[in-house]
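What follows is one chain in structure tokens, specifically the form predicted on its own.
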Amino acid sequence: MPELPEVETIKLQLRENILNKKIVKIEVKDKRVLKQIKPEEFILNVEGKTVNDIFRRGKVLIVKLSKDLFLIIHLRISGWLILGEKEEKLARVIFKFSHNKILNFCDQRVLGEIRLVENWQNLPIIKEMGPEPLEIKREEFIGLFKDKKTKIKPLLMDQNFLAGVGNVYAQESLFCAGIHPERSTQRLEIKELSKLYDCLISILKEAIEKKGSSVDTYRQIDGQEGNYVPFLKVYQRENKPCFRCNTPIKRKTISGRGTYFCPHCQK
């Protein structure tokens, strides 16, 4: 699933290409991706609208249209966006713009979703989100862990706790900080949480700079892969030597998710 760096990359690239452009035609190829609205109603309300702004909350892309309407795009596990001059084979919804560009919402497994709302802040998925990691200070980050009694890795992935961090960057940040993914939050010292904060922020920023990690279906809007995969230290590196100590990287299922870590460096 695209995480914060991937969705942020898409946001920035879309802002460069479709901001202030008019949606002149929409084709709904698969109505299953539209949530709580019929295709004909969706088309009627969106065609002719102009893209006034594009922003992100957690892993969710929010497109502000004229007439105070908002497109909510959640790629989830298998979705991606392609902007070009042709319709893509796996496109479920197609947006045609006034400058002859076509935005394809692709999703092989049809797990992503598109919504049209008047108030994006009232959506349950948005209201329940925790803070944005790139917008909070160190002290605020450390304060989030007060009274938490759970394993650190699934907590980092909990969108109600912290918005935008998923399986990939939780693992990478914990390796950077030298924290075992199964460590109880109750046993983490302030200096360890401070180190984790530094690691998380630096990794997220670097991943954005590298246009994200294409570990699954994620692509940039031109179809190119992100460039951060070569910089991943533990993710999908089972049995390969740790970059720090040469100990083989281990894989374990934690809270239902495959998790990679160094058994020597992460305590």
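Because the structure is predicted, anything quoted here is derived from the model rather than measured. The first residue of the shown sequence is 1; numbering continues from there.
The following text describes the form predicted in complex with the DNA, which does not appear among the structures shown.
Engineer: Test of understanding: in the predicted complex, would E3 fall inside 4.5 Å of the DNA by heavy atoms?
Structural biologist: Residue-level check for E3: yes, a contact with the DNA.
Engineer: Looking in the predicted complex, any heavy atom of G258 within 4.5 Å of the DNA?
Structural biologist: Answer yes; at least one heavy atom of G258 falls within 4.5 Å of the DNA in the predicted complex.
Engineer: I'd like to check something about R251: if you look in the predicted complex, is any of its heavy atoms closer than or equal to 4.5 Å to a heavy atom of the DNA?
Structural biologist: Taking the distances in the predicted complex, the answer for R251 is yes, it comes within 4.5 Å of the DNA.
Engineer: Is Y235 close enough to the DNA in the predicted complex to count, meaning some heavy atom within 4.5 Å?
Structural biologist: Yes, Y235 is a contact residue.
Engineer: Pick from K205, R32, K67, K240: which has a non-hydrogen atom within 4.5 Å of the DNA in the predicted complex?
Structural biologist: Going through each option in turn, the one that passes is R32.
Engineer: Between K96, K148, H180, K195, only one gets a heavy atom within 4.5 angstroms of the DNA in the predicted complex; which residue is that?
Structural biologist: Of the candidates K96, K148, H180, K195, K148 is the one lying within 4.5 Å of the DNA in the predicted complex.
Engineer: Of 96 to 104, 130 to 138, 80 to 88, 157 to 165, which is the one stretch near the DNA in the predicted complex, taking non-hydrogen atoms within 4.5 angstroms as near?
Structural biologist: Stretch 157 to 165 is the one.
Engineer: Do all of K59, L111 and I125 end up near the DNA in the predicted complex, with near meaning a heavy atom within 4.5 Å?
Structural biologist: Answer is yes for this spot.
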